[in-house]
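As a starting point, one isolated chain is supplied in structure tokens, in the form predicted on its own.
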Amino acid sequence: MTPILEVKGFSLVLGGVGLLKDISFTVNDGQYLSIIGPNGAGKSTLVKALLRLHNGVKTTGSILINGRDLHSYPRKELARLIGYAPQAGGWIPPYTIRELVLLSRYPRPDKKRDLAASDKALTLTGLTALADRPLNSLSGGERQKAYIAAALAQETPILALDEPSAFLDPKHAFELDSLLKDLNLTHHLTVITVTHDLNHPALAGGLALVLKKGNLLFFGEANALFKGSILEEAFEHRFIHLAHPNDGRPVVLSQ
């Protein structure tokens, strides 16, 4: 398998505070990586570092995409490699869903392809009927799906998502998880997702990464995450470990 992302001894300091400390891991082309950890662990910071979204930070170590240093990529070329869906909270862009999705095509300007890719992304996320609605008229869950549609329309080999199901009800969260897993398995898309759902890594399969206070606590096969006391150490909390009655995958409940 070919590494598509390599993080080597990466540290990030902002305002004199170390937010990430000596992080190293590798994701191969077509793998699925779930990033978990308690609040303030550095999960979103890490994902934003992969996209060069931080300003005024000091970093050491390196991040490589396809064997090439992240900082050597022009912004537009990087946008052809990594699609990003942020959290739906905060500032709301003054666009309709369709306008947002079309804007995400800026790294690959091609009017004919733009429309096809946008329509496909809207269909995949179930937003076709809402496409002409302004983002500020949507629920948090609908807006979250709009950001995911925009990331999908970029047609990148890597898709990075920051808590994509945070504003979704259980039904739509399950549908989103199923879509991401299908994109990963069927379309060979490399998926990197931050999640607070501790059962997500086992459902998604692939790899899991656990951060705690900016340190890498665990990186490996997702199922291995549920062995021993890794989750208890990460969250300083006790969990009940079970097997799912349908497929036997690990499941944890808060105690």
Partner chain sequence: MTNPAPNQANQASKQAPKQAPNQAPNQSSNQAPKKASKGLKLTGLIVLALIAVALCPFLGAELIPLKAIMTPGHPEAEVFWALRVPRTIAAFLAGSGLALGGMVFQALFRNPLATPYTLGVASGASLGASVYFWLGISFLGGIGPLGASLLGAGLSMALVFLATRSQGGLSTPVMLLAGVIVNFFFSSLVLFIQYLSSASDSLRIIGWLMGSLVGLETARLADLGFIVLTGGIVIRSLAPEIDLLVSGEEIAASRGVEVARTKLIIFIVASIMVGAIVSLTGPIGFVGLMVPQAARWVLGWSHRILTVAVFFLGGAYLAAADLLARVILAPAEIPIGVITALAGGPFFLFTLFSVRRKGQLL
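Keep in mind the model is a prediction, meaning the values are calculated, not measured. Residue numbers count along the first chain shown, from 1.
The protein also exists as the form predicted in complex with the partner chain; that form is not presented, and the subsequent description refers to it.
Asks: Under a 4.5 Å heavy atom criterion, is Lys120 part of the interface with the partner chain in the predicted bound form?
Replies: Lys120: contacts the partner chain in the predicted bound form.
Asks: With a cut-off of 4.5 Å between heavy atoms, is Phe219 one of the residues that contacts the partner chain in the predicted bound form?
Replies: The answer is yes: Phe219 has a heavy atom within 4.5 Å of the partner chain.
Asks: If you check in the predicted bound form, is Leu161 within 4.5 Å of the partner chain, heavy atoms only?
Replies: It does not: once the partner chain is placed as it appears in the predicted bound form, Leu161 has no heavy atom within 4.5 Å of it.
Asks: With the cut-off set at 4.5 Å between non-hydrogen atoms, does Ser11 touch the partner chain in the predicted bound form?
Replies: Ser11: no contact with the partner chain in the predicted bound form.
Asks: Which residue, Lys227, Lys213, His187, Lys58, has a heavy atom that falls within 4.5 Å of the partner chain in the predicted bound form?
Replies: That would be His187.
Asks: Considering only 38-75, what residues come within 4.5 Å of the partner chain in the predicted bound form, judged by heavy atoms?
Replies: The stretch touches the partner through Lys48, Leu51, Leu53, Arg75.
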